[in-house]
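Given as structure tokens, the chain that follows is alone and in the form predicted on its own.
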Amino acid sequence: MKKNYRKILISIFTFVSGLYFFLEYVLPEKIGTFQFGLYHSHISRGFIVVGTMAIGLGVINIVRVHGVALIRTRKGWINSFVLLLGLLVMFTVEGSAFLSSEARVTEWKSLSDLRAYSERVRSDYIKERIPAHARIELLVQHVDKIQASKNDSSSFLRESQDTEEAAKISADYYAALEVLRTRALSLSELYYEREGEGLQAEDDESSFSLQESLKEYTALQAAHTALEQQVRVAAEFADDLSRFHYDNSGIAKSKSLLSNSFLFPLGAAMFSLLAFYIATAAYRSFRIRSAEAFIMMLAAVIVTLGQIPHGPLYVSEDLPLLRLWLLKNLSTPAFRAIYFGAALAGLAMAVRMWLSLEQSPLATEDNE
């Protein structure tokens, strides 16, 4: 009998992978000097890559199957054409919207990250006596670069006069940027004066945090705090402005059109058709032909009347309490039992898959 080495190899990989994740879960983080999950993050990313490849293979399979039906004009080829067209359009629009959103966030973060940059400059200057004047000058240059995007048509932070709201946001944003630049220049001058005196050149007890006067220290702290607060204000306006430009871009409008005008209505239509099947199934289930059907029907009526306002108003005020008692003491335990049984079935299925006891799709009549 010819051996299916591909099936054997897949079974080995399946068993080793399942064994690794089982041991990583049950073993302690460290056993002496040995750390079992040292490369767990790398392995997890590898499985994410494999899962992504599986999605790609699924897309390729859809294109192959429906592409052949379209080329050979088989029965139902129009449905295949619509499916492939929708797949192409959604991939294009969603991918473009994702890249556009990432570009918007990147522009916004280039400004909001200046707050952390200012904190790092202050910390390095106080703790390690690293000169800060040149670093603040770089911050000023970065703000100038951001301001230069005012007339850049491809920037999400460009000036806009499209609407009154956009004009106000643009004016507030660029006014906040100008204040930010002024405060950064003031802070740069403070550091220039201090570093020009050579206070950072000595390697003795003249540490900034010990020897500088309280007045000078307070001035630097206040300047940094004002700068960081202004960064936060400018970043809020930048978020509003970039979001306005993104929401009014052609890609965002196309995405909204496909979602709100096609995808959601089609989904609602599908579920509305399913409602008729649900109603039919409910009618068949609640036909009183046995004692069990009568009990189920009675419980459904009580729960329904206890949920709506008409029940307590016209039938009995105790219906809401009776409804809660039924859900808490009868329905919830029953659902827990069902969930427990499903969990055991899932565990059994997982073990069979781990040990490759399930029928493989690669199996044939020759190698079963």
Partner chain sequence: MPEIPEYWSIGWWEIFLAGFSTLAIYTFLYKENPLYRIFEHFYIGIATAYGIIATIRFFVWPELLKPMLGLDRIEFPDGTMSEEYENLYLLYLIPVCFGLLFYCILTKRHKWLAELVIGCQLGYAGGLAFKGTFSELLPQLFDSFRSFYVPGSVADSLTNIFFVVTLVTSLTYFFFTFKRVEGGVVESASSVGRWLMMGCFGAFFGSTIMARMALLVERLEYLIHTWIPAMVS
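Superpose the two forms; the largest set of C-alphas matching within 1.5 Å is the rigid core. Residue numbers count along the first chain shown, from 1. Here the structure is a predicted model, which means the values were calculated and not measured.
The same protein also exists as the form predicted in complex with its partner chain; that form is not shown, yet it is the one meant from here on.
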Mind telling me which stretch in 168 to 176, 95 to 103, 227 to 235, 184 to 192 gets its heavy atoms within 4.5 Å of its partner chain in the predicted bound form? 95 to 103
So in the predicted bound form, is its partner chain close enough to Ile288 to count as touching (4.5 Å, heavy atoms)? no
Taking its partner chain as it sits in the predicted bound form, is Phe36 near enough to touch it, meaning that at least one heavy atom pair lies within 4.5 angstroms? no
Answer for Ala222 alone: is it within 4.5 Å of its partner chain in the predicted bound form, judged on heavy atom distances? no
Is Val303 close to its partner chain in the predicted bound form, meaning a heavy atom pair under 4.5 Å apart or at it? yes
Can you name the residues of 122 to 148 that have a non-hydrogen atom within 4.5 angstroms of its partner chain in the predicted bound form? Arg135, Leu138, Leu139, His142
Please state whether Val303 has a C-alpha shift of 2 Å or more between this form and the one not shown, with the rigid core used for the fit. yes
Align both forms on the core first, then report whether Asn329 has a C-alpha shift of 2 Å or more between this form and the one not shown. no
Would you say Leu85 moves between this form and the one not shown, meaning its CA shifts by 2 Å or more once the core is fitted? no
